[in-house]
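What follows is one chain in structure tokens, specifically the form predicted on its own.
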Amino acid sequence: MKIALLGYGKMGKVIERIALERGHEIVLKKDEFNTYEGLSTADVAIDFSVPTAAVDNISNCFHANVPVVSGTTGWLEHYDEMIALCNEKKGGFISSSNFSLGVNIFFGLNEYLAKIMNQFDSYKVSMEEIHHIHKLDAPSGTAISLAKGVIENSNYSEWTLDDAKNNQIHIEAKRIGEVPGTHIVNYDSAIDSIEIKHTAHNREGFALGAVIAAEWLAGKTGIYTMKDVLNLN
């Protein structure tokens, strides 16, 4: 399978290694210094770039009739626009805040726990996410996905980085060293606390999940999620 890499930073290089190990060919390694030449020859593209480049990367894929997997976060104000373009061009698209198998299991656990905890008003939910100092957006896309998972299964209405009011979920975002990614969901009461946590030990899980998603998406049209890829629906 021919893969175009859109973004060739640390994650892009890990994705490249895993893709080659799985027998794929890299036909484009796009960064800020080169063009999209070679994109149209790809069977699928993987976008792990920066928020300012993601929309151009994704739209170029749709115009080139190349299905695209995007793990870039921080651009979601343009998400509806990209969905409309995908539908118009009959493209294939998966956008996820996190492609790790473990994190996607964690998403399901988070939603299940939220349904249970919604019965108990004495507990207040909060979240913490820790990432390396190079991460540009805060809170992380994964933390936002976790907050949405709680909101959809409880009486909470929104998340905030500030002090939380009645129906708000406080997210604390920390940038420390080279931490790959840690996410904590905490339910706290005057009596006790319940906490679930996911800790990434390196970038391998994110990269492998992205390649698996690309393998699954190649040849398809439509808009999908990692639940579709991993059959977690």
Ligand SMILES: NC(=O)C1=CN([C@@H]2O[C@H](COP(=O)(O)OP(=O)(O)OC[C@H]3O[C@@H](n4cnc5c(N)ncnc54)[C@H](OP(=O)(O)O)[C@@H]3O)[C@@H](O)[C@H]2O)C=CC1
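These figures come from a predicted structure and were not determined experimentally. All residue numbers refer to positions in the sequence shown, first residue = 1.
Unshown form predicted together with the named molecule; subsequent notes refer to it.
Student: Quick one: find which of 130 to 138, 155 to 163, 86 to 94, 111 to 119 has residues within 4.5 Å of the named molecule in the predicted complex by heavy atom distance.
Tutor: Residues of 130 to 138 come within 4.5 Å of the partner.
Student: Should E32 be classed as touching the named molecule in the predicted complex when contacts are defined as heavy atoms within 4.5 Å?
Tutor: Contact with the named molecule, yes.
Student: Should Y187 be classed as touching the named molecule in the predicted complex when contacts are defined as heavy atoms within 4.5 Å?
Tutor: Heavy-atom contact with the named molecule at 4.5 Å: absent for Y187.
Student: Does any heavy atom of I223 come within 4.5 Å of a heavy atom of the named molecule in the predicted complex?
Tutor: Residue-level check for I223: no, no contact with the named molecule.
Student: Would you check, heavy atoms only and a 4.5 Å threshold, whether A218 touches the named molecule in the predicted complex?
Tutor: So A218 does not count as contacting the named molecule.
Student: Could you pull out the residues of 7 to 40 that have any heavy atom within 4.5 Å of the named molecule in the predicted complex?
Tutor: Sequence-ordered list: G7, Y8, G9, K10, M11, G12, K30, D31, E32, F33.
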